[in-house]
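One chain is shown next in structure tokens, namely the form predicted on its own.
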Amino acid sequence: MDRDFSSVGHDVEKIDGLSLATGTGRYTDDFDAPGTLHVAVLYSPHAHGIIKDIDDSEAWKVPGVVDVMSYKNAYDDMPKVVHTTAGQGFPEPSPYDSWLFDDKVRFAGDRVAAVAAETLDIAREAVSKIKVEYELQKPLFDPERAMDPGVPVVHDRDEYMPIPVPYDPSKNLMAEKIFSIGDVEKGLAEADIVLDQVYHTHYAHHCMMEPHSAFALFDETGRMIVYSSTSVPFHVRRIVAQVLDYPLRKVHVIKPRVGGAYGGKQEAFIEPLAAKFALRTGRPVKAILSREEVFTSSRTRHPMRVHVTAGVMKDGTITALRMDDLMTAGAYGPHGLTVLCNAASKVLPLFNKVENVEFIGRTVYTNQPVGGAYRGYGVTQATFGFMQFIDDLTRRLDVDILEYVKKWHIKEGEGSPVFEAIGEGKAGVPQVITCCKLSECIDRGAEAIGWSDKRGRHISNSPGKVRGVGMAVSMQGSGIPLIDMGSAYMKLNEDGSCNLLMGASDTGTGSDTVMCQIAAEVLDISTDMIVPLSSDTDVTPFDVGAYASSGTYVSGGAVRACAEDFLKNIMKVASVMLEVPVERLDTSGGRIWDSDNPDVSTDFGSLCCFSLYGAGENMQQIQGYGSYTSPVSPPPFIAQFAEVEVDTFTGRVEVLRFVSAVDCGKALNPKMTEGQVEGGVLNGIGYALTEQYLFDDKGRMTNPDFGNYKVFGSLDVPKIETILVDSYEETGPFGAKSVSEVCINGPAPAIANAIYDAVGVRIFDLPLTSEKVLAALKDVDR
């Protein structure tokens, strides 16, 4: 659908691009104050144990140490508050199972004690002198055994779930979601073919360039300011006040520039620690994680076992579909329910014509690193299994997977009972798809990758190397229906510029720029006349934060509503100033005129001066306000294609080319949208091929650095192509849906399917390492 827009839909440069490129953009660690203390943390080397005693006497003796804190003294002046670190809406759909400090450790990397000192080196030296006596407990590393009788219990204190959903820590059950539609057993019995397969996904990390950071200090009135590298400043404010039993009105959270988040900063676990030291010492306190600490003590992608069973007729009709997912929460449960629910709610509706559907989902505690929000949020894990399953199914049916998917995927005007059966942590909402160009995405992506010339051809250009192509499709969402809410405020200045104050959090995505484009489009002015300020809990209105692909759709909706209200108020004042009825006023380019007499006009700047200084009893600040929440979450759709070359001598898989064709509604800033997709694709390729947590037999991560974790670098980047399939979502701001998460779901299954296409082996466990491929090839040879 064509729309004639002057601001959105164009490649406006990032408003902070120059400052980021020149290094003047200020991140949390760039803020400082006289007398700042620095924090070092002592972490548990054991996966499971009771702390019998802590001797911190030697740490106190280190010159420059100002405070040492552990479970023994942290609660001298406040209650021991059990809480969740998950930055989600309130009440959070995550269990309250965390404390600032506890006398039990639940994974290797759990916080034991912390030191605040004049320098970081001093703090680290003091931490090394703390002696801890542990009573070791048998650890639980196998999620498949987590609910067996007699296995170690990870949580046995006063943990609880704040919302009414299944939660039983005595059985290590962190979350459970089960639903069925129709009769799956009957559907399986009626099928010509029953296909049953299990897939596994692994631990992975966000690898954002800026580590988790917090800087807490007091202003001249005694209120606490917390600078935080966060996606969720308003949730951080609430959690800091909750954990410290401190008045929320005395906490002021500011989000400076953020160097990447990808879900990893939808948590508040280091901010309360910095704030507590600030309260105890009265001094500014800075807590910045090292790269090793980010890997071992922050949050990860949840590993998941995905068990798919389907009954299928010879014509391709799926008579029954069951997905049984087991997700590993690790030692604590932030996001453990909602990530699990997403694995169903944003995967199963894709093939919405299946009448008999069952989902069995459980998340279990183990003594392993803690899962949390990560781009894709459960859809990535489930899609790895589900789209390999579909590839396998179509090969058995001897049908073209492209035509099969185009026939059976959800279309415009269609819904799915799954939408109502499951939401994020509770029942879902009915939804009808109003915008879907997935079939066009498939066609254009297939043409770009050269599908018809390469599929099944086993092309080999050098000895031992064989090429293949594979594809995957997926969908996501755009915010959480009737839960996510954003808001914005605007005011007019004497030069005709407009301040845009918004709760939306730009974590490096370009959100601030897109919000300016939306406001500029409504006002019909240039984006450089919009002055944005985002994510300051004292100054900007509330927003849930940057997660659930809600930024452009939800926060953008708020900015559009705000700008419309703002424009209405501008016209009201202009009517008074020009003595012309509002109905006769027109505006464009920052000017307003009488449509019957264009010589009677003014501009935004003159209008502002009139309203501030010359309107007599009508003097006022021209302003506008808007909030937005949506009853639906229109999904973006994507078709992704991988061309790989498999070395049959070594098992090495090289991605030669990767194509993504995406329907994200109207791309409000096409260049930045392409950047989002390409970043997510590269993230997904690394996740598929090389990235992994390695552990010793004690549950300790042995490769906590970029090199040994094997995150993709710039020299590893294959040829990546993005095709924006233009569509228009009527409920979105100027037709927009989301794009930030959907792009990471397809690389793993598309590459796995391409490997099969090349050499005929299917790898069911991520990552798709050379060792696994080579072993599979040897099995075939036997």
Partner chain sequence: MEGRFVINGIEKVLSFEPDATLLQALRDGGFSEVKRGCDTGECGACAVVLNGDLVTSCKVYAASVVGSEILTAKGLGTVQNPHPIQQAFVDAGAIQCGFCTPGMVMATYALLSKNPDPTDEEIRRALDGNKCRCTGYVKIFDAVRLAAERMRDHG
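Residue numbers count along the first chain shown, from 1. Remember, predicted model here, so these are calculated numbers, not experimental data.
The discussion below concerns the form predicted together with its partner chain, not included here.
Just one of Gly182, Gly675, Gly282, Gly589 comes within 4.5 Å of its partner chain in the predicted bound form, counting any heavy atom, and that one is Gly675. This chain lacks the partner; the member of Tyr374, Phe359, Tyr199, Phe277 within 4.5 angstroms of its partner chain in the predicted bound form by a non-hydrogen atom is Tyr374.
Contact annotation: Ser714 falls within 4.5 Å of its partner chain in the predicted bound form, judged by heavy atom distances. The closest non-hydrogen atom of Asp594 lies beyond 4.5 Å of its partner chain in the predicted bound form. In the predicted bound form, its partner chain sits within 4.5 Å of a heavy atom belonging to Phe706. The shortest heavy atom separation between Leu248 and its partner chain in the predicted bound form exceeds 4.5 Å. None of 251-259, 544-552, 409-417, 164-172 except one has non-hydrogen atoms within 4.5 angstroms of its partner chain in the predicted bound form; the exception is 251-259. Shown here without its partner chain, the chain has Glu13, Lys14, Gly17, Leu18, Ser19, Leu20, Ala21, Thr22, Gly23, Thr24, Gly25, Tyr27, Asp29, Asp30 in 6-42 lying with a heavy atom within 4.5 Å of that partner in the predicted bound form.
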